[in-house]
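So this first bit is one chain, no partners, the form predicted on its own, shown in C-alpha cells.
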C-alpha cells in the first residue's frame, strides 16, 4: 500500500430542502477524508448521517453543494469508469447471464470479445463461480449474486471501488464468508476500497482504518487505525483481544462517549456489554 493519496474528500457539503418548507437540511457538512492508494477504509455511523449520500457523490450520481473530491489529484466530474460500485441490492441485469453481467463494463469500454471472455473467466474464478457462467441471477443465491456484482465492478479495472453495505441482505453465515472472500479478492487486486457499513465488527474486521461519522449533518468524527495483521480473515481475528479493543473504541465514538486511548497488545478488557448491536445504529 502506497502512502500517496488516492482519494481526497475536501470539505463536502450536501443539502436538501426540508419537506414543506424552504429551509435547508444538511446531510453532510465539511466532510473531509483522505484515502491512500491500495487502502481499505470503512465508514461507519448512525442511520441518516449521510454515508450513502457521500457514496452517491463519490460515484458521480449526485453533486456536492460545497467542497471537492479528487482522485489521483484530479477533480471528479460526474460518473465514469474509473470508479466501481457494489450496492446492497446486487443491481444485476436479470436478462444477462453471470458471464454477461461481469462483461458489461468491458462492453461499454469496447473491449474485444475474446479479451472480454478472458477477463470474465479470470473474475469468475476469482469469486468462485466456475460452473455458473451461464446461470441467470434468479438461479443464484444472494451470496452468489453479490459475488457477481463484485466481479462485475472489478472486471473493467476501476481505479477505486465503493461498496454500500453490500452484505446487509445476506444471512449471518454467508456474510462472514463474503467478508473473508472480499479480503482475499482485495489482497489479490490491490484496489483502493471505501466500504460503508452499519456493522462495527464488519468495519473493524475489514479495514486498515475506520472513519467514524457523526450524527447528521455527517462529518468525520475520528479515523481509527486498525492495527491488526495482514493478510487477515475476519473470522480469525474476531475473537482476539486487539479486535475487541478497537471495536469498543469505535462503539464509544458512536455513543458520543470520550474514548479511552487504544492499548493494542495490552491486557484483555471485558467489553461483553459494550459492543453495539448492528440494529442499534
Partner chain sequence: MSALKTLRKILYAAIPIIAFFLFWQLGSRYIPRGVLSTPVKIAEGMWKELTRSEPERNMGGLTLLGHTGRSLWRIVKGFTLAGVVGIVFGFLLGTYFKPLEKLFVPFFQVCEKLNPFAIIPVFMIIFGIGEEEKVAIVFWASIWPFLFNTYEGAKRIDNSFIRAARSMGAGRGKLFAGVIVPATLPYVFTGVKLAIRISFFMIIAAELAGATSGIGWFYIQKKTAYKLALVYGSILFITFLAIVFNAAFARIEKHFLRWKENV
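All values derive from a computational prediction rather than experimental measurement. Residue numbers count along the first chain shown, from 1.
One more form of this protein should be noted, the form predicted in complex with its partner chain, which is absent from this view; the next part is about it.
- In the predicted bound form, its partner chain lies farther than 4.5 Å from every heavy atom of residue 186.
- By the criterion of a heavy atom within 4.5 Å, residue 56 is counted among the residues contacting its partner chain in the predicted bound form.
- Within this chain, residue 128 is remote from the site of its partner chain in the predicted bound form, having no heavy atom within 4.5 Å.
- For residue 105, a non-hydrogen atom is located within 4.5 Å of its partner chain in the predicted bound form, even though that partner is not displayed.
- Screening 175, 96, 117, 198 for any heavy atom within 4.5 Å of its partner chain in the predicted bound form leaves a single hit, 96.
- Note on the partner interface in the predicted bound form: the residue among 92, 170, 111, 140 having a heavy atom within 4.5 angstroms of its partner chain is 92.
- Only one of 150-158, 190-198, 175-183, 119-127 places residue heavy atoms within 4.5 angstroms of its partner chain in the predicted bound form, namely 150-158.
- Annotation for 52-86: interface residues with its partner chain in the predicted bound form are 56, 59, 60, 61, 79, 80, 81, 83, 85 [heavy atom within 4.5 Å].
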